[in-house]
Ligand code: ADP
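One chain comes next, on its own, written out as structure tokens in the form predicted on its own.
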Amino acid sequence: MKQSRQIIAEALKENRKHLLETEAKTICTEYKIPVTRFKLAKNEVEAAKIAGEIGFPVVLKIVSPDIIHKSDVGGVMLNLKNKKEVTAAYKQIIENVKKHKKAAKVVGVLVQEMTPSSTEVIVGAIKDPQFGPTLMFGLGGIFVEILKDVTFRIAPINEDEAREMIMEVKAYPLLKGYRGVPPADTEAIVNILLNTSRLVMENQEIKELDLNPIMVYEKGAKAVDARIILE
């Protein structure tokens, strides 16, 4: 049985609609969608050890089935540069969560690499009541939030459709490089779109999927955050 099927089955058995970020990223990895290196820590000693293995700087995030918006409860710490900072951040996150959401079940704290800033894109999927799994693509940040510069396709998609999606957004010229910023690796985006299409087609319990932001570099790309909601 695929790991993704086990994760989804277990979540539904526990009446959970929101997958933990660790679960969402594990599913992405299974479908060859590149994500930041990550591992779950159960205490501050483990967190410091994992951070050393991943390499600094790192990000720490609370992992809890009861907390969806991690930043709202002080559950995210960025740009931690050494083991001492990681240990302190772990303790602070747990303290913040207890203060803001005392009854929340804490699974642990996610330790992940902090990726260099780059061109940001978003890849998502929703299960449309009429058309079924539908993919979305757009540039991240202001282009999604304010300009709503996104494009859609009904899954499954092929390689040509993935390329069309990328070229359809108004901000596409930014992906070709501008003012000293190197061109983004559009082939990496194509692969992410194709693999996301396969993921949602093979796991029909998925109601929503968000990979945002995805940092796209001159070579390669990595999803920083992954969110999956089940029906």
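Counting begins at 1, following the sequence as shown. Bear in mind that the values here come from a model prediction, so they are computed numbers and not experimental data.
Form predicted together with this ligand: not shown, discussed below.
- Exactly one listed residue, out of 61, 163, 39, 49, brings a non-hydrogen atom to within 4.5 Å of this ligand in the model of the complex: 61.
- Think of it this way: in the model of the complex, this ligand has a heavy atom of just one of 147, 78, 88, 154 within 4.5 Å, and the residue is 78.
- Using a 4.5 angstroms limit between non-hydrogen atoms, residue 224 touches this ligand in the model of the complex.
- This ligand is not shown here, and in the model of the complex it never comes within 4.5 Å of any heavy atom of residue 22.
- The closest heavy atom approach of residue 119 to this ligand in the model of the complex falls outside 4.5 Å.
- Though the partner is left out of this view, residue 106 does not reach within 4.5 Å of this ligand in the model of the complex, counting heavy atoms only.
- Comparing 155 to 163, 96 to 104, 67 to 75, 125 to 133 against this ligand in the model of the complex, the single stretch with non-hydrogen atoms within 4.5 angstroms of it is 67 to 75.
- Contacts between stretch 109 to 133 and this ligand, counted in the model of the complex as any heavy atom lying within 4.5 Å, involve 112, 113, 114, 115, 120, listed in sequence order.
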